[in-house]
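Only one chain is given next, in C-alpha cells, and it is the form predicted on its own.
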C-alpha cells in the first residue's frame, strides 16, 4: 500500500486512516484520543498525517473496539464473538477499562430483567460464608479457609488459602485486594490476592489487652470501618482507618461492658456508609431467652456522635440496608420476615417502621425472617425469602400523597426462581451474585441484554 499523503493535504486535518490486518478504517483524532493518554490509539492520533499506520491484528475485533470508542458501547453483533477475544484485544490497545465500563457499569444493572446466567464453581467442600464485589464486577468469595477471586469477566479465577478457619467478614478493596476477618480469629487481615500473601494485619487494642475479632467491615471513598469485639466479649469498638494508607483515623462507639449491660454488649455486625448524608450506619443484634433485640445507629464519624438510634425489640431485624438514592433505611424483620423502612429525611425519636407490603404476617415468634438478607442497588431493594429474591421499587405518587409506596415486582424468568435457601447476596458492576445453603458455587444473575 502506498504511503498515505496525509489527510491535512486534502482539507480534512481531523481524519485518520488506519490499516488493520489489510482492512482500511477511517476515524477522527477526537475518537482516538478519547481512549485516554498513553494508549495505542492516542499514539496513532499523534503520529497521523505522516503515513497510514499498519496494525497486524484482527480487523473485525478492531471494528468493535472502534465502535466502543465512538459510542461508549459495543455493537450488538459483538455478542457473536467470544468475550475472551475482546478482552485480549482491549488489553493490546490499552482500553480494557473502557470495555469493563461498557459491560460492567453499575448504572447498567437492569433489575427487572435479571436472569440466572451461570454458576461459578468453588474448589473444596466448604459452602461460601461471605461475598464481596467491586464496582467493576470483580468477585471475592470466602469459603472455609479459602478466598476465591473471579475477574470482572468471570472467566478467570484464583484461590488463596488464608490463616482463618472460616472467613465471616469480607470487603473488596480492589480487584486484587481484600480485607478479611473472622469471629474466632484475632485481627483484620489485608490480603494481596494476586501475590497470595497477607499485606498487613490491623488490630484493636482494648483495655484488657486481649485479642480482638472482626464483626463487620465497611468503607467510604476515603475510609474503612471495622467493628471489633474483644475475644472476652467484654468490649467492642468501631475503628476508622484511612482507606489508602490503612492508618487509624479515629475510634467511635467504644463500649466497655460491665455486668449485664446487654445493650452495650452488642457489637455492630453490619456497617454501611451513607454518602449523601456523610453518616455511618451500624447495626447489631443479640439473641437471648426473651428473643432477638438489637439497635441501629447513625454515626457522625467526624464528631464521633450518634445522630439517630432505634432500639429493636418487637420485630428485630434479620438484616438492614440503606438506600442513599431513596434516603431510606430498610430492614427485614427476623420474626415476621416482612421488609420495612424508615425515611432518613424524617427521623426523630418517635420514628416507626413502615411495612413495605400489606403486613399480613403476624409476629408469632417463629422467626420467619431468620437468615433473610436485604440489599439495595441503585434505587431498587432486593430481599431474600428462603430460596427466592423479592424486588421492591418505589412508586412515584402525586404531590398530594404524603406517604411513600413501594411495590413488589417480578424479577427475570420464573424458571430461574426457587431453590435452596439463599445465604449471601451481593452486587458488583451490573451483576447480582448470591449463594445457597450447602452449595459450593455462586449463582450469577445478569441482565438479559448482556449475553457474553
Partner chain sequence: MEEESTSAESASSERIKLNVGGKLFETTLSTLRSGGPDSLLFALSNRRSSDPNPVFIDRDPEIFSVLLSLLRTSHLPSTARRFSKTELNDEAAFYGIDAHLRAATAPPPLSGIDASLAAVLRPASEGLPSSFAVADSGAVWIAHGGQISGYDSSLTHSATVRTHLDEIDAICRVWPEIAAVGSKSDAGLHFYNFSGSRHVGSVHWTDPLDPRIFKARVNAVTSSECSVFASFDCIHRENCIIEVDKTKLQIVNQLARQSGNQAKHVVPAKMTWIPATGVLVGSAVAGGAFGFSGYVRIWDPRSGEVVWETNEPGGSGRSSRFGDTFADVEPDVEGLLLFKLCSKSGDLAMADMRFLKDDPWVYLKEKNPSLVSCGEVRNSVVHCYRGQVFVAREGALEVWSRVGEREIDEESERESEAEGFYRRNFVDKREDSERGIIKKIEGGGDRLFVSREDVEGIEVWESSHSSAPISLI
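In this text, the rigid core denotes the largest set of C-alpha atoms whose superposition between the two forms falls within 1.5 Å. As the structure is a computational prediction, the values presented were derived from the model and not from experiment. Numbering follows the first chain given and starts at 1.
What comes next is about the form predicted together with its partner chain, which does not appear here.
Please pick, from 123, 113, 97, 73, the one residue with any non-hydrogen atom lying within 4.5 angstroms of its partner chain in the predicted bound form.
-> None of the other options qualify; the answer is 123.
Sort through 353, 81, 241, 273 and report the residue having a heavy atom within 4.5 Å of its partner chain in the predicted bound form.
-> For this set of options, the contacting one is 81.
Pick from 317 to 325, 302 to 310, 226 to 234, 115 to 123: which stretch has a heavy atom within 4.5 Å of its partner chain in the predicted bound form?
-> Looking at the partner contacts, the answer comes out as 115 to 123.
State yes or no: in the predicted bound form, is some non-hydrogen atom of residue 246 no more than 4.5 angstroms from a non-hydrogen atom of its partner chain?
-> So residue 246 does not count as contacting its partner chain.
If you check in the predicted bound form, is residue 344 within 4.5 Å of its partner chain, heavy atoms only?
-> Residue 344: no, not in contact with its partner chain in the predicted bound form.
Although its partner chain is absent from this view, report whether residue 297 comes within 4.5 Å of it in the predicted bound form, heavy atoms only.
-> Outside the cut-off, so no.
Using heavy atoms and a 4.5 Å limit, would one call residue 421 a contact residue for its partner chain in the predicted bound form?
-> No, residue 421 sits far enough from its partner chain in the predicted bound form that none of its heavy atoms falls within 4.5 Å.
Could you run down 282 to 306 and flag each residue that has a heavy atom within 4.5 Å of its partner chain in the predicted bound form?
-> Contacting residues: none.
Superpose on the rigid core, then tell me if the C-alpha of residue 391 is displaced by 2 angstroms or more between this form and the one not shown.
-> Comparing the forms between this form and the one not shown, which are aligned on their rigid core, residue 391 does not shift its C-alpha by 2 Å or more.
With both forms fitted on the core, give yes or no for whether the Cα of residue 81 moves by 2 angstroms or more between this form and the one not shown.
-> Yes, its C-alpha moves 2 Å or more.
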